[in-house]
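Single chain ahead, by itself, as structure tokens, in the form predicted alone.
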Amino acid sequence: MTLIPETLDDINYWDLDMFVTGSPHAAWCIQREQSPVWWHDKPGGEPFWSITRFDDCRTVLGDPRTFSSASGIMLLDDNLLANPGASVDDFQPMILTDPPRHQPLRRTISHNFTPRAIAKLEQEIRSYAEDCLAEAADRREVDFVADIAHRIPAAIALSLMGVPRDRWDRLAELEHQAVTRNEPEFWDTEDQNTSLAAAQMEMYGYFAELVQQRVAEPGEDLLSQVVQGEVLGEPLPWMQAVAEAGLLLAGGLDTTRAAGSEGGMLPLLSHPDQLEALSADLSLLPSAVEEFVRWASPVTHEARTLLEDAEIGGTQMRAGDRLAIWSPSANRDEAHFPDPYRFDITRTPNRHLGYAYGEHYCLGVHLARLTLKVEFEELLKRFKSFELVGEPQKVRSNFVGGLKHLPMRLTPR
């Protein structure tokens, strides 16, 4: 198939090169127009119903009793179908649970993510951002993704779990390898399965040691709260806490990284009027952050499994069918977003699905918003100009997207 599809027959969402070129937006536009609910059985992975319209995506996300997360929220390509152990853990994190277990599991730590609780973290977040940007100011030329958009949310997530600072860089690297498992640049070996298994073993092995320490000597950090939590009247198995540790890191890292780079800095560079307006008025940052998230839509797809027969968009589906919602498509649905392909930091309302919806609405939404707000406040205060010095490069993935490199020159004020 061509990388830029011209018809529905040309679209194959297993062709990851299409996601690197940026042409999936053309595919989603074609699908929204011609067949918004489409049975995708192209070679490369499991067949599934592809869902592209905002209303249909929100319907799926809002009904966990029909559309289950328990069998995995990531579509399985040929590689994972042949090696299912690479994607399935003995104890699934809360993101892979349905009612009635999901909400009780979520409540073990949700009080840490209320607006009031997150507001108390602002100075800590600002301190990490200041340290990171001071290094960037000394260097002048940086990879915005690796040196800024990655480091700040990683520091926040790992500090909240009480991970010692000397382990931050390695754990963030391992998490990124696991989430962007189809990107060869991040493999430690030439074989994807070997690299993925090694990254997961090292990361979860470390978290297993850390959880055991918290069992013996709990503290005030998030991991200690998970260890001491109960779900449906039963103590949480320690291996469940290990799974949640991986989720807390993944949920706070790659998505915020993508929103800050592909959703924030890159489009600001491409739209100098928007960058100028934001630099002149930092009070625009709350609405700008929502546009960053809509624009990037970091979680490219979320998969579900039907527990019973259902109808979506006039299309009948059967129990056991797999389906995927495409958030970047939903967030550019002309029926909900006027001029959806225009980057507008003042867009209001901006009720996108970048934080999901319903039962699995992002637990860390307030933390993500504050992190991005502080990150760009500090960037715009410290630097007077931003310049691309190389070609932006996208990660090779149809699950969590974003950029892998954004070479820039930063000029301090």
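Each residue number is its position in the shown sequence, starting from 1. Everything quoted here is computed from the prediction, not taken from an experiment.
Separately, the form predicted together with a small molecule exists; it is not shown, and the next lines address it.
Chemist: With the small molecule left out of view, which of E378, E359, D344, D56 would have a heavy atom within 4.5 Å of it in the model of the complex?
Modeler: Checked against the cut-off, the match is E359.
Chemist: From the list G229, P267, P340, G251, which entry has a heavy atom within 4.5 Å of the small molecule in the model of the complex?
Modeler: Contact with the small molecule in the model of the complex is made by G251 alone.
Chemist: With a cut-off of 4.5 Å between heavy atoms, is G364 one of the residues that contacts the small molecule in the model of the complex?
Modeler: Contact with the small molecule, yes.
Chemist: Look up in the model of the complex whether F48 has a non-hydrogen atom within 4.5 angstroms of the small molecule, and give yes or no.
Modeler: Although the small molecule is absent here, F48 would stay clear of it in the model of the complex, with no heavy atoms inside 4.5 Å.
Chemist: Is there a heavy atom of I95 lying 4.5 Å or less from a heavy atom of the small molecule in the model of the complex?
Modeler: I95: yes, in contact with the small molecule in the model of the complex.
Chemist: Using a 4.5 Å heavy atom cut-off, state whether A27 contacts the small molecule in the model of the complex.
Modeler: Output for A27 is no: heavy atoms all beyond 4.5 Å of the small molecule.
Chemist: For the chain seen here without its partner, which of 184-192, 290-298, 166-174, 127-135 has a heavy atom within 4.5 Å of the small molecule in the model of the complex?
Modeler: Among the listed stretches, the partner-contacting one is 290-298.
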